[in-house]
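Given as structure tokens, the chain that follows is alone and in the form predicted alone.
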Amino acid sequence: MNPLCLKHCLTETEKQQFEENGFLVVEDAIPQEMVEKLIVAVDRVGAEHLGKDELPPDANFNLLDFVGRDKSFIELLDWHTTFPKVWGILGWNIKLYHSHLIVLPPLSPEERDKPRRLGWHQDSGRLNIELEGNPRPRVSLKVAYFLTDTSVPGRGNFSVLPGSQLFNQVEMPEESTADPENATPVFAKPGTAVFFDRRLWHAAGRNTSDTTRKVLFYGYSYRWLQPRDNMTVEHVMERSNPIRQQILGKSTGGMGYTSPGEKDVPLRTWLQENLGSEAVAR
């Protein structure tokens, strides 16, 4: 794995921010040339998804299982500025269990002035019904890479209720079109990565600008969690290094997910060799 990872490990301040707020913003996580390469890949994959020769300006979709559809998407799996913070939060027994990319065009003029409540939700579907406890366990997190500029209001800003990952339910205002008082838009420039706990109540804001929002979401979980999408990655597995193979879901068998051996979790060995045994104490 890229040794530059060691320069971007989760700091105590970042850990505290994530634990308290449920999200963490890392600016300039990917350089502009990488952003541009990813936008080209998004436009190509999006056009294929829609059956078009090129991505239309009014394209609007949420495409699951995109990660295996371009080499540049695979590069982000263990990106040196972000992946260390993933293992810093979840530990070493992890994988990618879900990926989706969102293309959100501007609202039509007639829709822009209509008041609507945002679609507040927690991730992971029935985990929020069938897991016990209050709060329920974290289990996974997402890293959102913003490719277009959402650093000003009205651009479909990723919106959060800070600290709400600690509550199984949140109270909504009586007015059906109103959002909670503590609703907070996250302002992100191109190249920004936003990490968020799957339990954090969040929503996509309304895009009243003239700019289409493009964001990549990478969902990391413990290896024993069933994938949330098809994870169509077999075609890149054999040419990936052992740590990427772990991230892509490789295992020696069923027991390897809950009682992993050395071949199941090469990330653990790498951390031991580079950060010492205290980094993998559990």
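Note that residue numbering follows the sequence shown and begins at 1. Owing to the predicted nature of the structure, the values given are computational and were not obtained by experimental measurement.
Not on display, but discussed next: the form predicted together with a small molecule.
Look up in the predicted bound form whether Leu76 has a non-hydrogen atom within 4.5 angstroms of the small molecule, and give yes or no.
-> Although the small molecule is absent here, Leu76 would stay clear of it in the predicted bound form, with no heavy atoms inside 4.5 Å.
Should Asp179 be classed as touching the small molecule in the predicted bound form when contacts are defined as heavy atoms within 4.5 Å?
-> No, Asp179 sits far enough from the small molecule in the predicted bound form that none of its heavy atoms falls within 4.5 Å.
Would His121 count as a contact of the small molecule in the predicted bound form, using a 4.5 angstroms cut-off between non-hydrogen atoms?
-> His121 belongs to the contact set for the small molecule.
Any chance Phe217 has a heavy atom within 4.5 Å of the small molecule in the predicted bound form?
-> Phe217: contacts the small molecule in the predicted bound form.
Counting only non-hydrogen atoms, which stretch in 197 to 205, 183 to 191, 130 to 138, 79 to 87 is within 4.5 Å of the small molecule in the predicted bound form?
-> After filtering at 4.5 Å, what remains is 197 to 205.
Consider the chain as shown here, without its partner, and state which of Leu107, Ile102, Ile94, Leu161 has a heavy atom within 4.5 Å of the small molecule in the predicted bound form.
-> Going through each option in turn, the one that passes is Ile102.
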